[in-house]
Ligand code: DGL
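In structure tokens, one chain follows: the form predicted alone.
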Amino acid sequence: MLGSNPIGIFDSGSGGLTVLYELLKVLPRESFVYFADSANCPYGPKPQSEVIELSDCITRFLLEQGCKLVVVACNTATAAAIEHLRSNFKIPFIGMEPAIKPASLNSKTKSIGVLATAGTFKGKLYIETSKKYASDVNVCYQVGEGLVELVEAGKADSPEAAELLHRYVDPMVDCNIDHLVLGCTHYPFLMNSLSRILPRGVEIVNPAPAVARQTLRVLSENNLLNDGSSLSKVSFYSSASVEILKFLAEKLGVISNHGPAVNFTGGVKLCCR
């Protein structure tokens, strides 16, 4: 029965933990295999061909672990590689949807901000979603250069992060935004700093809960839900050290709040490297 097999989830590093956190809420009976490609992080500045190659190799690794579905918990990888993955592998894939639709539909000022990576802004899904839902809204977009690196260094709440966020977000506030869309799974780690910087009334839009709900729907539609007959566990793998992954997982509450069996393995070599 495939239902007892784990769900795969991958990101360029630790950002996908923010998605795993939401997945554990709605799918407490499921097991997960998380892969952090920390050796190649960040993905944002990389060419599309390289992101596709890395995503393909990670998917093959997750399939070797028996994964029944893969969540691409990286906006850049989704933008670059989701079509390739769905065309070349038979399991279901869930990608990161740019949350421009809810922000645009709910905006009262008709002005929203989007903070994302360069790779996400170039993606077909972002461009199509913007054209479809944000044609009558002023979209202030900003590449969050350097933010992923700060999160991966454990400096999400540091003065350096606050300074960088001010530089990126203050011009959006000047444009009278009332929603800020987080277009990278690393960015929810910056929520504390963002909450201090943004004026009251600006809503921060994190797409991770919607991705978790979509994963539940797809598992249910494909009869892939775990019936609870096997013990749930979470296995973490990284192409580099697991120390920052472990630190951020504990900080977010992915481990302590959910209690499945957990193990960490670092230094994993991908087939393409």
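One rule holds for the numbers: they count along the sequence shown, beginning at 1. Being a predicted model, the structure only gives us computed values, none of them experimental.
FYI, the form predicted together with the named molecule isn't displayed, but the following is about it.
With the partner omitted here, the residue from 41, 242, 219, 208 that has a non-hydrogen atom within 4.5 angstroms of the named molecule in the predicted complex is 41. In terms of contact with the named molecule in the predicted complex, the residue from 184, 71, 81, 114 that brings a heavy atom within 4.5 Å is 184. Residue contact check for residue 177: none of its heavy atoms lie within 4.5 Å of the named molecule in the predicted complex. Residue contact with the named molecule in the predicted complex: residue 148 places a heavy atom within 4.5 Å of it. The stretch among 20-28, 247-255, 261-269, 7-15 whose residues place heavy atoms within 4.5 Å of the named molecule in the predicted complex is 7-15. Residues in 16-39 all lack a heavy atom within 4.5 Å of the named molecule in the predicted complex.
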